[in-house]
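First, one chain by itself: the form predicted alone, in structure tokens.
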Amino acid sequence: MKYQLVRIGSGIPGLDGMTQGGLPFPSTILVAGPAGTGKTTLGLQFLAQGARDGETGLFISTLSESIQWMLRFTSNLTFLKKEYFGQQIVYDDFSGLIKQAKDYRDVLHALEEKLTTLMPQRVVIDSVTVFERFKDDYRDLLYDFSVLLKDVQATTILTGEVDPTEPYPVEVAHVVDSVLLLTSSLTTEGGRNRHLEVLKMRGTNHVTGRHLMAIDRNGITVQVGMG
């Protein structure tokens, strides 16, 4: 018997056409790239699409960023309404807990409580690479983290910050279902082009290769077929 994957809209123009109509639900997706490539913006567009579809979203920051900072950051983004926060999109800052925790399981327990209480259909954790501070238990953490997320009926985006010379966090990529790479490169005129690539997506006959993407106040748009 063939299993039919459920898909949900990403909220990113051009991306759903690359992934057989949307992102697998439920699943875990790593969005990796250097600073300034649009990882947080992509996550917010994903949550905004869910809000428009009547779904509950959860945004967890691990970077000491308050809800006031988030609202300032998003104030000029046309796709994200201020009233989404606290209603369809719940924002939580885990940075203090992560800094104080002696055992990574304390963080996972808090995350599990949040997920089971809210029961969101969409989750964004920005950024997962902060968990590298638990270096002695990092591999165990990622395994337990992936098991927890797979047990939740949600599509979860994990953002991963990388050095420009590193394509993606390898250990995180091993435990997720999909990997999206965001990159940028200098043009001959001194400008910068940004690209999106679907590196892997389980159960999906996805479009391969790098594709140009634009970022403006309307968010990210992928220009499929233009590399």
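Don't overthink the numbering: it's just position in the shown sequence, from 1. Computed from a prediction, not measured in an experiment: that's the story for all the values here.
We do not show the form predicted together with a small molecule, though everything after this point is about it.
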**Report entry** Contact check for Ser10, Asp53 and Gln121 against the small molecule in the predicted complex, heavy atom at 4.5 Å
**Finding:** no
Query raised in the report: Is there a heavy atom of Asn193 lying 4.5 Å or less from a heavy atom of the small molecule in the predicted complex?
Result: no
Query raised in the report: Even though the small molecule is not shown here, does Pro169 get within 4.5 Å of it in the predicted complex, heavy atoms only?
Result: no
Query raised in the report: So, in the predicted complex, is Leu186 in contact with the small molecule at a 4.5 angstroms heavy atom limit?
Result: no
**Report entry** the small molecule contact in the predicted complex: Leu212, any heavy atom under 4.5 Å
**Finding:** no
Query raised in the report: Of the listed stretches (195-203, 37-45, 22-30, 170-178), which one has a non-hydrogen atom within 4.5 Å of the small molecule in the predicted complex?
Result: 37-45
**Report entry** Option touching the small molecule, based on a heavy atom within 4.5 Å in the predicted complex, out of Gln87, Asn76, Thr117, Gln100
**Finding:** Asn76
